[in-house]
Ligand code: ADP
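As structure tokens, one chain now follows by itself in the form predicted on its own.
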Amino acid sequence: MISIIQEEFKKRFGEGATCYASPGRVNLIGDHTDYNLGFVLPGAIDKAIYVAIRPTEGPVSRLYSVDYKELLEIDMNGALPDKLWARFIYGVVQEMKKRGATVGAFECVFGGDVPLGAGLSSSAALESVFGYALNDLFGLGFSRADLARIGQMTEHNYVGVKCGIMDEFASLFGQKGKVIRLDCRSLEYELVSFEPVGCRVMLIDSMVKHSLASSEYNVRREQCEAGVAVVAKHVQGVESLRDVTMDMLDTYKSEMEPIVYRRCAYVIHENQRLLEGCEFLKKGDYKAFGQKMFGSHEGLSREYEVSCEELDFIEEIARETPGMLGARMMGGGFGGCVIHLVEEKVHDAYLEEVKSRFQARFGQTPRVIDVVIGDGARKLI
């Protein structure tokens, strides 16, 4: 992919480009906890968005998307672009300018091999690669944590998704063979070794697109905030679900809608599953960690209600398969992928089984994506 992007840059703009990469991510456990200021456990993967970029004179930046085969000329001091993909880049520049940076015009070609629509955060990879590249190219002095915030605020202010910070943080801070236990309130993080010998991380795509994800994502956030508001009336210092215990939630349950209680209970339970799971990883007990993954799926499906029939079907097959350590739906929900931690020796047989049964049930063959935990944003050449 990077050679394709380099050649495309030379053809359109000539020599002198610098190349950067920023990866997509998987999240082993801890979905919908980030915007509730809880914990997440993502890892960068070996699939990324790549950009070849060079400063240029004048007010207009020229952006070519290899994936969309589109060239746009944008004045970054002008109006919000119509094209969605351009809004991510425009938003990064605007957020940098809000923080006092002077970002010059540039020419670039970008593209990637992060599968679209699979919940691997291609949008965060796009924000992160441009944030990292522009920061380096123009000597802006932002830290990786700053760039993660810039990416998050790009989603909020220019795309309309009130996401947490996990995706951008993982794309920027990832390291090969490690996952990131991130505290989304303080942004303190710990790199936890993740090298399960004889196992593979694999995603099976439900082939269902996230048609409800953006709108329902914001609904779930509002429901969690409603639960926090109830507890905060009675308990001093409660600002987010991170501050709420199950005892508190149960005490004031009668003042909440049942659906609000379930949403909040999921988040509290998920944070606890994650912290316990990290301790299992530190002991090298991947089987016990996998059980926390199964528990996460059950919570996402029954309490948070962001799963779908296809995701539940895949997880059920995984749960009954010997050699499957753990599996759960991953991401915003209403489609996307189930992430698996599976022993190498049963990988192929499981794939045959799940493909066959999925085809018989839903009339199509699910996409399979094997991933390796890799490095975060970086300069290539």
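All residue numbers are counted from 1 along the displayed sequence. If you're wondering where the values come from, they're calculated on a predicted model, not measured in any experiment.
This protein has a second form, the form predicted together with ligand ADP, left out of what is shown; the following refers to that one.
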TODO: Indicate whether ligand ADP has at least one heavy atom within 4.5 Å of a heavy atom of Gly277 in the model of the complex.
DONE: no
Open item on the list: I'd like to know whether Val92 contacts ligand ADP in the model of the complex, with contact meaning heavy atoms within 4.5 angstroms.
Closed with: no
Task: 4.5 Å heavy atom contact, Leu126 and ligand ADP in the model of the complex - done: yes
TODO: Indicate whether ligand ADP has at least one heavy atom within 4.5 Å of a heavy atom of Pro115 in the model of the complex.
DONE: yes
Task: Partner-contacting position among Gln152, Ser307, Ser206, Ser121 - heavy atom within 4.5 Å of ligand ADP in the model of the complex - done: Ser121
TODO: May I ask you to choose, among Phe106, Phe110, Tyr132, Tyr266, the residue with a heavy atom within 4.5 Å of ligand ADP in the model of the complex?
DONE: Phe110
Task: Region of this chain that lies against ligand ADP in the model of the complex, out of 327-335, 37-45, 65-73, 349-357 [heavy atom, 4.5 Å] - done: 65-73
Open item on the list: Pick out the residues of 72-88 whose heavy atoms come within 4.5 Å of ligand ADP in the model of the complex.
Closed with: Leu84, Trp85, Phe88
